[in-house]
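To begin, one chain is listed below as structure tokens, in the form predicted on its own.
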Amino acid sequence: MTKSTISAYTKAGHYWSGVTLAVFIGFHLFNQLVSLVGGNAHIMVMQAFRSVYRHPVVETMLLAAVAFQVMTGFLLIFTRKRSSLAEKIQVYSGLYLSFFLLFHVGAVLYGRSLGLDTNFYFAAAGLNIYPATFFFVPYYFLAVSAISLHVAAIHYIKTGSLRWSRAIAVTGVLAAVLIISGFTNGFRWRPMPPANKQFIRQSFGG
């Protein structure tokens, strides 16, 4: 198998794992925006979505897509030269997303292994408990922003449409602000269940 063939397979794999994750992330971000209505509403929507993505086959596919997306992303970074601003944004946003996916998925799996329900309060705890909030506010803000910047950069590279690329980027940043506002009750902070408090304090202090 030639180097060009391997590169083609890598690009194809990265594309399709990205499409798989994009579908899940779209529903996931919608679920996160429901936090603006309240924690109970967020959990109700999550329970409906979980009936699909917590199915063993679907969950295995999603975990495999995460692993494949991260691995192929790193391979593409080192095999392709990036020169334009859009290409650099695509790379740097992709690097942050790789970090976020590994950290976030690992935290969720670890929480589940401890018997915690990784629902609204699992994510919200870090945002609402001092001093962990100083890590989690930028952590989540940059994650949602990076998703939109990554998509915006790809859109610009593919179409050359600066107007729509900017719109995608701005929409993502706005969504990031709204999600954090929803999880923190507009930065007035939400009370957390004891188990989630303990998890955050053991992991991050507080």
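All residue numbers refer to positions in the sequence shown, first residue = 1. If you're wondering where the values come from, they're calculated on a predicted model, not measured in any experiment.
Although not depicted, the form predicted together with a small molecule is the subject of the following passage.
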Could you confirm whether Lys88 comes within 4.5 Å of the small molecule in the predicted complex, counting heavy atoms only?
no
Give a yes or no for Met192: in the predicted complex, does one of its heavy atoms lie within 4.5 Å of a heavy atom belonging to the small molecule?
no
Decide whether Ala132 counts as a contact residue for the small molecule in the predicted complex under a heavy atom distance cut-off of 4.5 Å.
no
Partner proximity in the predicted complex: Phe24 to the small molecule, non-hydrogen atom cutoff 4.5 Å
yes
Please pick, from Leu162, Leu36, Val177, Leu29, the one residue with any non-hydrogen atom lying within 4.5 angstroms of the small molecule in the predicted complex.
Leu29
Just give me the single entry in Ile43, Val70, Ala143, Ile168 that has a non-hydrogen atom within 4.5 angstroms of the small molecule in the predicted complex.
Ala143
Within 4.5 Å of the small molecule in the predicted complex, do we find a heavy atom from each of Leu63, Asn119 and Ile147?
yes
